[in-house]
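Read the single chain below, which is given as structure tokens and is the form predicted on its own.
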């Protein structure tokens, strides 16, 4: 199935239901489909190639996604937070292309060879113009629906390829067509260049739910928008959820319209989700685990799992609050050891996934094996009941004297200390052991001593997992989607070792 068909289907089934933006000025699904069609006709006249999107969240994003789909051209949202030189280099890699650019960002990317630049305001005006109704450009209809560039933290960014069949498979297997009730609304605050931003557009349309975009996240703006627009569904990364809870608690708000909140994109501290369950007991929480290369979610910890875990006295059941749940019915997940062999329950290894939504592909490079399995590069394990626990990226695992140590396990213990507001554990170069365990602490109030924290960890974990290096700082480095930048901390330790 082609992604553009998702919009055509819902526009035919419930044309007058609100699809986009605020209740006062929003577009219906029929209007959204019409504007995507007009936008496609106008974009076809601007030049050939990929349709690039460079800008903040807003109503232009879904119009551009479906316009590109209608033209049969790849859609490539770019990270506007990159330095100008890096952004121009990335944009040049999309050529030939037509780039829809926020008006105020245009000077940053002017003059890139092979790229036709159009402003967001010009695209929006064209999408409203009936003059483009008559033009019906011939669709190229390639397989590629979306190109998402990786962060490029270990070299040049790679273009993850998501084909129409991958995205459509994910949407159809996870969302009931027109399953949303009239009046439901989803608040999207992740940036357009994140897989969650793209999948939110597609699933919202197929389900028949109105989507409200927050141009840029702040916890205050998120709470204000959720209250003003009677938001029923939302997705946040863990750091965002923690900040939203701070605002809600300070204001004494509960967001009564909110029914469902999913989270993902990073490890969720137990203290944060426990706070959320207590603050918002009327909300169904879902932990969604997935990757760009898998077209979003492949495993899910559902609302009932959350409630059972938080209310249980059984340590094994309560521990599932730290899992990402069970695989979706449409995918298979397997944990493999160092030799590529499948391992049993409660044995850690590398997580592999297979299924029709799994693209497992970079531009010019297929990543799946002959049997369709994609190696995620995530370390994890499955318990006896099939719940998946993610320990982090394989590169993040600390190898101390031949022992694999999970940073997340140590972080969870340290977060339980009342004087620790945030923590990151990484491996530091060590001549004797290969790597030593290092902990970066953001204190809550006065910083505790290293000796106090060492004793805290040692009392709960074995001594080899007790950090040997301690550093205190006012905040930790996170990217704009809430992922901890461990590489920044590791680089700091490497520089210290070399000095």
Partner chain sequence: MDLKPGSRWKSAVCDAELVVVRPPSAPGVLECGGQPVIAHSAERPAGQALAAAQDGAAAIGKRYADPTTGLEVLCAKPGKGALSLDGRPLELKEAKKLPASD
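Keep in mind it's a predicted model, so treat the numbers as computed, not measured. Positions refer to the first chain, counted from 1.
Keep in mind that the form predicted together with its partner chain is missing from the display, and what follows is about it.
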Contacting member of 239, 166, 376, 296, with respect to its partner chain in the model of the complex [4.5 Å, heavy atom]: 296
query: Ok, 97, 203, 323, 79: which has a heavy atom sitting within 4.5 Å of its partner chain in the model of the complex?
result: 203
query: Taking 9, 179 and 199 together, does each of them reach its partner chain in the model of the complex with some heavy atom inside 4.5 Å?
result: yes
- request: Although its partner chain is absent from this view, report whether residue 213 comes within 4.5 Å of it in the model of the complex, heavy atoms only.
  value: no
query: Does at least one non-hydrogen atom of residue 109 fall within 4.5 angstroms of its partner chain in the model of the complex?
result: no
- prompt: Taking 4.5 angstroms as the cut-off for heavy atoms, does residue 372 touch its partner chain in the model of the complex?
  reply: no
message: Whether residue 172 contacts its partner chain in the model of the complex should be assessed with a 4.5 Å heavy atom distance threshold; does it?
response: yes
task: Tell me the stretch among 266-274, 205-213, 416-424, 360-368 that has any heavy atom within 4.5 angstroms of its partner chain in the model of the complex.
output: 205-213
query: Is any part of 219-235 within 4.5 angstroms of its partner chain in the model of the complex by a non-hydrogen atom, and which residues would that be?
result: 233, 235
